[in-house]
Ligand code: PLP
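In structure tokens, the next block holds one chain alone, the form predicted on its own.
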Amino acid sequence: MHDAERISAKLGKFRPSLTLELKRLVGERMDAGLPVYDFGLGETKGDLAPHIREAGERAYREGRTMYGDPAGLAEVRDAVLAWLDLRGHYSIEDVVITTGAKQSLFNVFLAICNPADTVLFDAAPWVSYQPLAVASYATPIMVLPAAGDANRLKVTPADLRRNLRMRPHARLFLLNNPVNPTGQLYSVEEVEALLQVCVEARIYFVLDRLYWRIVFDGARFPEPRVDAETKPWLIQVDGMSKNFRRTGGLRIGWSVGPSDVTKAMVNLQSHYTSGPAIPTQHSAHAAIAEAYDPEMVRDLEAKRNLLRREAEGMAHVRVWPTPASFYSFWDVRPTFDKTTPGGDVLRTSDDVAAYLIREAGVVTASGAGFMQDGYLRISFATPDETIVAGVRAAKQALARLT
């Protein structure tokens, strides 16, 4: 056996998670005493809420560490339905609690895709969508908007229909709303139009709504229509990691969808994780069973406004609006073919991201990781002083390009 044959060929089709690699890079620079302004990893900061921590601690003290239902604790599944305001549409038999939202998405791909089926993503897919699809022996395809920048990478019903005509083996369309990395928010009318296309084509509409609480300017999250027509084709994925402070490492997610798909996912999960850890399920229950405190959302909106002010006048960069999530999306294509003070020519967003790290200690996520070369994703879920000093350092570095 050749060395190249020792590892599955499918793993060679994707690289390790960009966002987790950024966290490692930040740690290395800090350990080396180098300046670093971390806009890379999309992770909420601050203190874990006491009631979330205490629920997990209590579960350990009371010995709640045995195997549980592979679908998740019944009380957590019921709380998910209340959290998403879906109690009138689904029962707990339609909910699966998972080891993070990533596993929910993987469950979906594994449960409904056959080898060589096509899965359709929106135009700037999150970094793990493609690896999860490939590992499920499905073929990932981005739905690119015909309108280009005029539509700011949002997919329209016409875009989706065009791809469905070309790909008769499509099984699902996956929409992330609010969008990571672009910070865009599809309106309720846009969501409804895309959902209707999927229903007509008899493919699944998978809604990754992980940032759904983080909506700014007094707007509300655009809930999808749930009724007899849409329920057979609608699957919603959510989790703990974004809407609460410091909860990414708890690794609790969930999905709500058709009973037959849910049953298949529970069957699958019973074999490869046996369900998430019981103590962290109790922490999740404590978080979502209480009325949501929008304190973090207000804080993030203020950070969004601060970053927008600091970024004014930045050379060679167009900053997109951010109506939701905690990301600022920067169009850095005007930097291409510019020369750095060291004589390097910037040709890709990877080059721009590397230049900002090397020249200014500013850590961003290259758009190439989201299959959109020419852009950078900036996470403003970071201290105010980092936003001010980091954006100013980036402005100075970009101004030195010739």
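Numbering starts at 1 and follows the sequence shown. This one's a predicted model, so the numbers in the text were calculated from it and none came from an experiment.
Another form exists, predicted together with this ligand; not displayed. Remarks below refer to it.
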Residues 106, 136 and 171 all lining this ligand in the predicted complex, heavy atom within 4.5 Å: no
4.5 Å heavy atom contact, residue 81 and this ligand in the predicted complex: no
Contact label in the predicted complex: residue 285 to this ligand, heavy atom within 4.5 Å: no
Heavy atom of residue 242 within 4.5 Å of this ligand in the predicted complex: yes
Proximity of residue 180 to this ligand in the predicted complex, heavy atoms at 4.5 Å: yes
Heavy atom contact within 4.5 Å of this ligand in the predicted complex, the stretch among 190-198, 288-296, 108-116, 208-216: 208-216
Single option in 303, 77, 102, 152 placed near this ligand in the predicted complex, where near means a heavy atom within 4.5 Å: 102
The single option of 255, 328, 184, 176 touching this ligand in the predicted complex, heavy atom within 4.5 Å: 176
